[in-house]
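Here we start with a single chain on its own, the form predicted alone, put down as structure tokens.
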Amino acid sequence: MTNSEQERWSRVKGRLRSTVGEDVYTSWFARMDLEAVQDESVHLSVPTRFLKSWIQAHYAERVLSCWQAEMPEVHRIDLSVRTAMRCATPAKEAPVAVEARRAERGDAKPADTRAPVMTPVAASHDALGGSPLDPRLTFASFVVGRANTLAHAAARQVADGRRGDPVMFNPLYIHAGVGLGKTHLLQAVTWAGNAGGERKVLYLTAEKFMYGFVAALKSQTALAFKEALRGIDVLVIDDLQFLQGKSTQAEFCHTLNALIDAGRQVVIAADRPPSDLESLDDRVRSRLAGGLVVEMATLGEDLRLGILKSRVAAARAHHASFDVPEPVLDYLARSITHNGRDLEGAINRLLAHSKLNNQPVTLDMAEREVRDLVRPQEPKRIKIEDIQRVVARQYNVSRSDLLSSRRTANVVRPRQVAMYLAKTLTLRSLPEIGRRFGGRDHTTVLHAVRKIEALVGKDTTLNDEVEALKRQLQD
């Protein structure tokens, strides 16, 4: 490329930047390169197919007009996808790949808590239009315990897969309460999956998916949006419970089906199992339930202690004198039971107090600094499926009997008891309970609840049975 062509390209980029604005330019054009100018055509390149399709769909005319302002004879813009980085050097290997190998050797360094410069993995992911990734959320910094062993193993298996490998379970659906590690696992899959450079792994929050789809509809580029998503090797969707809108859900369902049918991997996280996502279409719930559904349980004390030690080690990498005595760690692990974010917040408070006041961490100081994080134990969240299972076992019937239309006495009474428990032990509405009991009307549920309420007041045997069932479910 001649100096004059390079100068023209610099002026074109300046025009483009002033036309679309700095944010849009940085998102879509910062990595566009000039390859050649031939006759009436300008040949440009971008690093990913997603960028190519997005620019062609949204900005092709604008790029052409900026070139024509410099060279009126230009009538065509050819946009191509570059192959692997032309000046790649082994020394520039993504940190996440190095971190993963250290973990396999058993000498993993604590996660770096500083904001790093953009790595090749992060830059590639941003070019695909993904949601922001936190460089600390990798497999190397994920603490494994009994509550998350299966979810971690399944996520690791997805991340280690290669293009063309048979997909073992699809979709992988991980659900858990707030702060138990879902986002950490999903971002770890994205970091590790993209580090090899062979596959395109895209991490999107449900909100970002909705925003992208709505924006594509408004700009009449929905087809390009769909094609770009369906070209992804591994699609990772976080916080699915926030997916709203019939048209958006329909598009998500089509994308899900297209990727699964094409043998591409889908990984999804939400705060509840597919059957409890009441706002989602039945077809979507059914497809989600057809994969591997894994629950990440509440953190046990041993796992909480492991997380605390991991966070202290990470902090010590930048503050060598920072130390938290074992009695303090034991106190925090026993007392802060809500979620992993509270544990991390506790370590941050101790670090700040120790550094700013130049004082060592003591048990008295810890009790004072984290007292608002010590919350009363929340009651166990009881699920309708648990109620159905326990009641069916108690009365020697099957769960399918409870959901069926059978009206024999040995099925009707257990069904009514199960509906009564669902109403008294969960926050589900009568219509939702009816739907979960074979699609019954809410008036049927109301009748069952009133019937059992009346009977337990005068039938001591039934009252004892119901109380025993409640204890089983709440333990």
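Keep in mind it's a predicted model, so treat the numbers as computed, not measured. From 1 onward, residues are counted along the sequence shown.
If you look for the form predicted together with a small molecule, you will not find it shown, but the lines that follow are about it.
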Practice problem: Among 354-362, 155-163, 243-251, 176-184, mark the stretch whose residues have heavy atoms within 4.5 Å of the small molecule in the predicted complex. | Solution: 176-184
Quiz item: So which of 283, 381, 334, 341 gets a non-hydrogen atom within 4.5 Å of the small molecule in the predicted complex?
Solution: 341
Self-check item: Selected contact from 255, 141, 131, 388, since only one has a non-hydrogen atom within 4.5 angstroms of the small molecule in the predicted complex
Solution: 141
Practice problem: Decide whether residue 148 counts as a contact residue for the small molecule in the predicted complex under a heavy atom distance cut-off of 4.5 Å. | Solution: yes
Practice problem: Answer with yes or no whether residue 305 is in contact with the small molecule in the predicted complex, where contact means some heavy atom within 4.5 Å. | Solution: no
Quiz item: For residue 200, is any heavy atom within 4.5 Å of the small molecule in the predicted complex, or not?
Solution: no
Quiz item: Closest heavy atom of residue 137 to the small molecule in the predicted complex, within 4.5 Å or not?
Solution: yes
